[in-house]
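Given next, in structure tokens, is a single chain: the form predicted alone.
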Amino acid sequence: MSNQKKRNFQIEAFKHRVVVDPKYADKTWKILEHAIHEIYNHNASGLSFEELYRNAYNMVLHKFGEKLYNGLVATMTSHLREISKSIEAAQGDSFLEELNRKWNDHNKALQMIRDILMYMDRTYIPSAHKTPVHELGLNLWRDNIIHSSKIQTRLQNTLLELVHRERTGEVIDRGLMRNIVKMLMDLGPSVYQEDFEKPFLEVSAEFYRGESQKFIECCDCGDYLKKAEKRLNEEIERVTHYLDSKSEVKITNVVEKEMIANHMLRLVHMENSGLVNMLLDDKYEDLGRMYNLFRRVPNGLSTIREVMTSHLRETGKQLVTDPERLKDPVEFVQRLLDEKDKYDSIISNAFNNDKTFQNALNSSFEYFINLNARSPEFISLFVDDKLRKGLKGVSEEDVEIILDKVMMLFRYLQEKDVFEKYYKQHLAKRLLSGKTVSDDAERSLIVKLKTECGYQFTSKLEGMFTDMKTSQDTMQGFYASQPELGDGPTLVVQVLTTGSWPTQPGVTCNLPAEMSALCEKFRSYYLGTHTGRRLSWQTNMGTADIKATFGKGQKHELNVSTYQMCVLMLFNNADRLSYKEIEQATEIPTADLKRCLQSMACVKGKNVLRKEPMSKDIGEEDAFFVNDKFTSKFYKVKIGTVVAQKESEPEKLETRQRVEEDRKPQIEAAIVRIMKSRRVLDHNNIITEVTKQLQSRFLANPTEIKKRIESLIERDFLERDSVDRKLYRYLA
């Protein structure tokens, strides 16, 4: 078997040539053409699709694809021309209905034709670079129906007319509109855009231009915004019902431009109803609507923000500079807090908590609160009022809320060190007179200040509390060591560390003999238990409780200041005393003595003394007597001192000078810190750096910084560059 020859097989071409009937193509096309006519005439039920498919298949197979394709184009075109005539003939509302019906028919016919010619679609069309059957059908519909001279303009006008009717309140057939618009979209984006969208946007712009003009002449701002919002929502709804979703941005832009952007300034400044009136009347709904509409247009929110800021600055400026409103510091600060609450509420409820509006609010408050140099003092007086026991019916939670609000105002202050000065004075008075709501509230505020400004800011304030606690322990020790003092007057001493408390000038005052002796015993005890300390009495800060008997045996316990006690005790040995005699005996400073006498002789209900001649002011020629007719329904009577709540001008000047003096070492320390790290720096940069470093406490004055630099040069901390005189060097 292995010896047998291998045979080679070869398949040869079929020798017999198939002869195709020369009329095959025409005959087959006639069958297919007839089928297409039948499909368009709704008689497709009698057709054999399998047979038709095979015929089309064979035509392509026998290289008659071009004949088949061209025949299809010619047949569809002739049918569409007939359809075009029937659509043109439709009158009134039936025009769109006819168009829609014929479009649906065409789509069904196209589907069937595509199924029959599927083989041509897959093989001949890609190789011959022809348009696929379905797309061809759409293009022929576009060219013969939609772009026919008698239909194109009529269709456009009909659609725009329907939109206009809907805008003016009529009900239209939205389903039909949706079908027609979808037809345009199916024919390609350019057809939808050119034949409908573009003219639609132009007509809409014209419509809203006219409408906005009409509305703005007859409506107030709030009503106009309602109408604009309604129109905007209607257009968005229209898009969802029967337009291309991509049209939403375009049509809303038209409404926004014509109804909002073009009238923006007129709306915000509209007399009696614009933005300022909305702010004044707390019209949250209108403000929210304005915010939501204006945010849609360029520069919309910045326009609202600028108008709000300028209004706020103007009202704030009036608030802090009106002499009438400056008479009551507590009322002054309360107005500021009310204004802040009002705008916080507007930004939260109407402006979507917009950070840019919050920043504008903060910068406005910072601007006008610092226009009044007394703002730090007034804020401290407000705190003083809230933390005193005189505040009735306020829970600790409410006090905490008030303190948080005060801290908010405190952050706006540029001169925080001035606030600190006043706060320290007021805190000292509260602690020494025991008139504080609670130590917890006091400490809470100090913690807040510490968080805001650092340990250095509050270390002395905390020292004041420490002194109060230490003093209690000292007094217990004093009385434990002096049991014989139980029957006499009771002395309570607060020992204050000089550095922690507001500095007071050493004021002399002659205490009554029995008190003077008791004070000496305490001095001996204290200096005996503490080494290296000195005591100086601050009689101007003390209080006393004394028992007094008036005419007809009327007895009262009087709560008075130390100065008042010194004056009243003189009347134990005299019935009548002149001003000069009182002054000589007590040696109380003139201003304090006059206030002290005024509060005991001129205040109705507290007049334990009488004076001659009777008048509201104290003169140096006046004489004083005990008022035997004094009565009060209370056994304990508190006699306050007539004292100005705010500082007098000289006191204000003195506080200012003390603040300026305290600033000098802080400025110098900042300069040295900066120069130590930078070594060489020019004048302008030093000014900038120092201002930046100190801004959390106060706004440094460039002139003062220059003086401090000169002082540091004199003391050899810095030197000027020998060539460039504006350049400074640090000397180690």
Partner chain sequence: MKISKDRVRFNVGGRIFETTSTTLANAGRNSFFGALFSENWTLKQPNNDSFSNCEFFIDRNPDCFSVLLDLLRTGDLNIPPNIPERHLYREASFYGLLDHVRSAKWGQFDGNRLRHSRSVTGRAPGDGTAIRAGPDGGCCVAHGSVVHVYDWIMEEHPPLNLDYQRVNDVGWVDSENIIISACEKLGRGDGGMGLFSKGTGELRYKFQVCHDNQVKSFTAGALSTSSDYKIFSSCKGRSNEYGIGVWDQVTGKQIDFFYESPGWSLGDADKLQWLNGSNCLLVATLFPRKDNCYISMLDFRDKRMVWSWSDFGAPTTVDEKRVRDAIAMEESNAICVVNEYEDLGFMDLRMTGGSVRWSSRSRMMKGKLSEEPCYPKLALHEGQLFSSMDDCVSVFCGPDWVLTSRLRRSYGGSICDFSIGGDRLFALHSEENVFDVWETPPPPVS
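Computed from a prediction, not measured in an experiment: that's the story for all the values here. Residue numbers count along the first chain shown, from 1.
Note that the form predicted together with the partner chain isn't included here; everything after this is about it.
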Considering V672, I31, I687, A44, which brings a non-hydrogen atom within 4.5 Å of the partner chain in the model of the complex? A44
In this chain shown alone, the residue from I39, I705, L681, L68 with a heavy atom within 4.5 Å of the partner chain in the model of the complex is I39
Within 4.5 Å, heavy atoms only, one stretch in 23 to 31, 697 to 705, 664 to 672, 55 to 63 touches the partner chain in the model of the complex. Which? 55 to 63
Does the partner chain come within 4.5 Å of any heavy atom of R114 in the model of the complex? yes
Is it the case that R122, even though its partner is missing from this view, gets within 4.5 Å of the partner chain in the model of the complex, heavy atoms only? yes
Can you tell me whether S127 touches the partner chain? I mean in the model of the complex, with a 4.5 angstroms heavy atom cut-off. yes
Using heavy atoms and a 4.5 Å limit, would one call L413 a contact residue for the partner chain in the model of the complex? no
Under the 4.5 Å heavy atom criterion, name the residues of 94 to 109 that approach the partner chain in the model of the complex, in sequence order. K108
